[in-house]
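Below sits a lone chain in structure tokens, taken as the form predicted alone.
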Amino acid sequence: MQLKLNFIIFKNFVPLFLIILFSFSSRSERTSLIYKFTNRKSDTIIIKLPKPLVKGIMTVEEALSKRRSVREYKDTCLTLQEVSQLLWAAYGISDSVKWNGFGLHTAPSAGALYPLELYLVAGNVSGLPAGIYKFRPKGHCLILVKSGDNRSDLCDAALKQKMIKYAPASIVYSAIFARTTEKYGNRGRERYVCMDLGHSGENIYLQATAMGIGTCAIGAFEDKKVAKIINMSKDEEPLYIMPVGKLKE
């Protein structure tokens, strides 16, 4: 009985201890801190992302004028801060005001229903082990889906477009269409979700440009292969792959 009680105390104490440790760690330590939250069903690895910036050094007008699709990148890593900024720009929460149960995001969404899901396929990001991660806007964090460098597999599924293999990371979009079609029917599938994707993808383009990072929106890939590599749920459909990396010049 005493042994069982001690185990319960330990099991509940460890996650609390790690959260406390995170709150007192230095800024540099926070960028690479990985903590495990244990529940009854499984162990979930959660990476808390650095806080995104809300003020930069490039104007929107300048970013618009310089935006291009970039297919070659420097052979250098991205930082966790840079990844954090890109993901926040794409679909992060910009206002905690609740609408339909969600905070308001950086990208507009029809009916504020937010059907998109974002994944990070990381291969060369400092402070982040190679793997596939799901971005969770609430809490601004990553959830480990699969360990290991999956860039080559994703490249093969995208008709061997080499930019995916050699970019430090790629952001992969999927959509749960039911979130939108439940309210808007076929118009949600045919128009509104695609509009949501366009808004979010352009945010990545502009944020990347402002940071000296290149990206390219890719829609040519084998859907089933991409979904399998990413471990998407059955109700998700892949939409976009956006490799990201430092500009060569």
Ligand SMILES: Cc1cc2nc3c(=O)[nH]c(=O)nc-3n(C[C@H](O)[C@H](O)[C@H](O)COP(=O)(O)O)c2cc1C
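Throughout, we count residues from 1 along the sequence that is shown. In this text the structure is predicted, and so the values were computed from the model without any measurement.
We do not show the form predicted together with the named molecule, though everything after this point is about it.
- Note that among 179-187, 206-214, 61-69, 43-51, the stretch whose heavy atoms approach the named molecule to within 4.5 Å in the predicted bound form is 61-69.
- Listed residues 163, 89, 110, 120 were compared with the named molecule in the predicted bound form; 163 is the one with a heavy atom within 4.5 Å.
- Proximity of residue 57 to the named molecule in the predicted bound form: non-hydrogen atoms within 4.5 Å are absent; the residue sits far from the partner.
- Contacts with the named molecule in the predicted bound form, taken as any heavy atom within 4.5 Å, map within 209-229 to 216, 217, 218, 219, 220.
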